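A lone chain, given as structure tokens: the form predicted alone.
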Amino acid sequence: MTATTAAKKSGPSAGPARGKPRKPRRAGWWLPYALLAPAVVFELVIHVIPMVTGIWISFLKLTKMFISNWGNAPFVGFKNYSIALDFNSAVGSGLLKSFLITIAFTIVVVGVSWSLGMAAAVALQKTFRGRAIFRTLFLIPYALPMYAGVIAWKFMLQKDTGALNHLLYDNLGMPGDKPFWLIGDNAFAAVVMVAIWRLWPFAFLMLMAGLQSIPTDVYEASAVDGAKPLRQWWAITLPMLRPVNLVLVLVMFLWTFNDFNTPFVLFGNAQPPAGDLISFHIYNASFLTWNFGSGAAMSVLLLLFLLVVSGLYLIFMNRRKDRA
């Protein structure tokens, strides 16, 4: 027997290898989990469970015949989806028209809101007397309760007694008859106007916060080199606000595309065709016709569309960032 073998047998490490001893848990290790538990429970109750239930309902023929005991509604598979995607039928063509209206509504509202927010944030970037007053005034639409603000707009957009027609036709003397803003083709302009009024202060707030992180030395150095304000905005402000805009545009898109409160408060249940936004359309398809299976299928299709668009947007923006 060699000395090395004897040392191995007689040493303290003789026998099978053992793992490292487990460290004793620190006192209060459960506190982070206890603090997260209410948020997890509420997320499950408010979002996850209703979403899973809605997906299951989309495979059922859940009409008013089974509303009292929807667990007995017959399983129809993808029939609700095929009906919603059949654009030659009344249900499918109505959904497609609502989808196209919502696309146009989202593009206009997000584009104008972002532009107004950017212009206001850049204008208030420099210090001047009264800047705090303008900041407060610009944030009033965002601070007001949503329903109160939209109801005020509903009164302002009335044909005979509304403030908008009174200003345009009684005070400014515009020719022609006073238009109906809440019915007909003007309904699209009305809902766009109200949505922009609600959304642009949020863009202004986010962009103003992002501008605070840009060093003023960069602007001063570019001014010495002869850069004009427009050139500074294009070469300095926009690139350095890229992380803010990446999240801001996505959030504004999701909020606007899913907007239900604005058309609901403006138009009630009888929405005009020009203001038939898709969230409102799905609501009416479910609660006016009592066909919850079809409405759930439309909701799932909307969810899938938003997931795909969000994923493609993030992939595209990250690739542009890597190339830059």
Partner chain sequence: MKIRTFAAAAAIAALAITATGCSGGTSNSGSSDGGGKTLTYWASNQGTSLDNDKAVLTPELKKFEDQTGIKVNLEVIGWNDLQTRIQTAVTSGQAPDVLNIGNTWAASLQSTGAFMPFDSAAFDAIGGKDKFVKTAMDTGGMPGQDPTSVPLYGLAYGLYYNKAMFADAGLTPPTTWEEMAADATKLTSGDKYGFSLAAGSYTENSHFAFINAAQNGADFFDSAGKPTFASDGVVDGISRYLDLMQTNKAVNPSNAQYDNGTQAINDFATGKAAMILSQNNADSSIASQGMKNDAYGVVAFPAPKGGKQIATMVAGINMSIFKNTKNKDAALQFVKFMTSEATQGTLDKSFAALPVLNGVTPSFTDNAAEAKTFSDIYSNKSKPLPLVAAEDQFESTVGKAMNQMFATIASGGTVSKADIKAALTTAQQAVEAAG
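Positions refer to the first chain, counted from 1. If you're wondering where the values come from, they're calculated on a predicted model, not measured in any experiment.
Missing here is the form predicted together with its partner chain; even so, the following discussion is about that form.
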Check for me: heavy atom within 4.5 Å of its partner chain in the model of the complex, for each of Gln125, Phe138 and Val251, yes or no. no
Would you please decide whether Gly184 lies within 4.5 angstroms of its partner chain in the model of the complex, comparing each non-hydrogen atom pair? yes
So in the model of the complex, is its partner chain close enough to Lys159 to count as touching (4.5 Å, heavy atoms)? yes
So in the model of the complex, does any heavy atom of His281 sit within 4.5 Å of its partner chain? no
Is Trp290 close to its partner chain in the model of the complex, meaning a heavy atom pair under 4.5 Å apart or at it? yes
Where does its partner chain sit in the model of the complex: which of 107-115, 129-137, 83-91, 212-220, heavy atoms within 4.5 Å? 83-91
Within 28-52, which residues have a heavy atom closer than or equal to 4.5 Å from its partner chain in the model of the complex? Trp30, Leu31, Ala34, Leu35, Pro38, Phe42
